[in-house]
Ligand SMILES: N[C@@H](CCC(=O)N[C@@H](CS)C(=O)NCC(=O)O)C(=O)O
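As structure tokens, one chain now follows by itself in the form predicted on its own.
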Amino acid sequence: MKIYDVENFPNPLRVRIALAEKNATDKATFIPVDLMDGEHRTAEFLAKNPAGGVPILELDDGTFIAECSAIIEYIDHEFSGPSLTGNTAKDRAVISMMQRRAESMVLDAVATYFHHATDGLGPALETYQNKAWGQKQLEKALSGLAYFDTVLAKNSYLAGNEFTAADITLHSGLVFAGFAQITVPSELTNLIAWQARIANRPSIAA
């Protein structure tokens, strides 16, 4: 299988961590996308993913799968190892819920702030910006961090006592936050401790 991505970008990072958790990194061929030169806006790329985003998974039969949650679900079911998306109906639902919250309340909010309220990726790519909306999303991201601090006061991980896709998403959101120069408030001690702990996981430390 092939994965079209930009190394170290937050969403591609999610997929790479999932592959590493399943010991399947060597099963994928990574194809770099020249996003800074606008490759993601070409007709050829948009035929693979009309949304124009990375990463994209291409299967051997020619199927293209976009959206991180879908790609990670495929990886989780295709390869052996501890489940990232849950085994029981309840676990799958809780993980899906927390993954979506991590995505919308932190990762997506940070991304919107970065692309609208900062220089982002530069004027060639940031063709429309709404700074007020970006600042509003910064408020949302900070509220999201506070919410997850309360979750981690009760659980070792976002969806309970096991590392899952939800933790991967929040970790990537925090990486992006750091890149966007958003500091995790010092009073969020549970979140800070969680971040330090999972940074030592082999899939992430690598």
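Predicted model, so just to flag it, every value in this text is computed and none were measured. Start at 1 with the first residue shown and count on from there.
One more form of this protein, predicted in complex with the ligand, exists but is not displayed; see below.
- At a distance of at most 4.5 angstroms from the ligand in the model of the complex, none of the three residues V110, G120 and A141 contributes a non-hydrogen atom.
- Contact annotation for R41: at least one heavy atom lies within 4.5 Å of the ligand in the model of the complex.
- Although the partner is absent from this view, A166 stays clear of the ligand in the model of the complex, with no non-hydrogen atom inside 4.5 angstroms.
- Using a 4.5 Å cutoff between non-hydrogen atoms, Q195 does not count as a contact of the ligand in the model of the complex.
- At the 4.5 Å threshold, heavy atoms of P32 stay clear of the ligand in the model of the complex, well away from it.
- With the partner left out here, the ligand still marks one of 156 to 164, 177 to 185, 141 to 149, 32 to 40 in the model of the complex; by a 4.5 Å heavy atom cut-off that stretch is 32 to 40.
- Using a 4.5 Å cut-off on any heavy atom, the residues of 8 to 32 that reach the ligand in the model of the complex are, in sequence order, F9, P10, N11, P12, R14.
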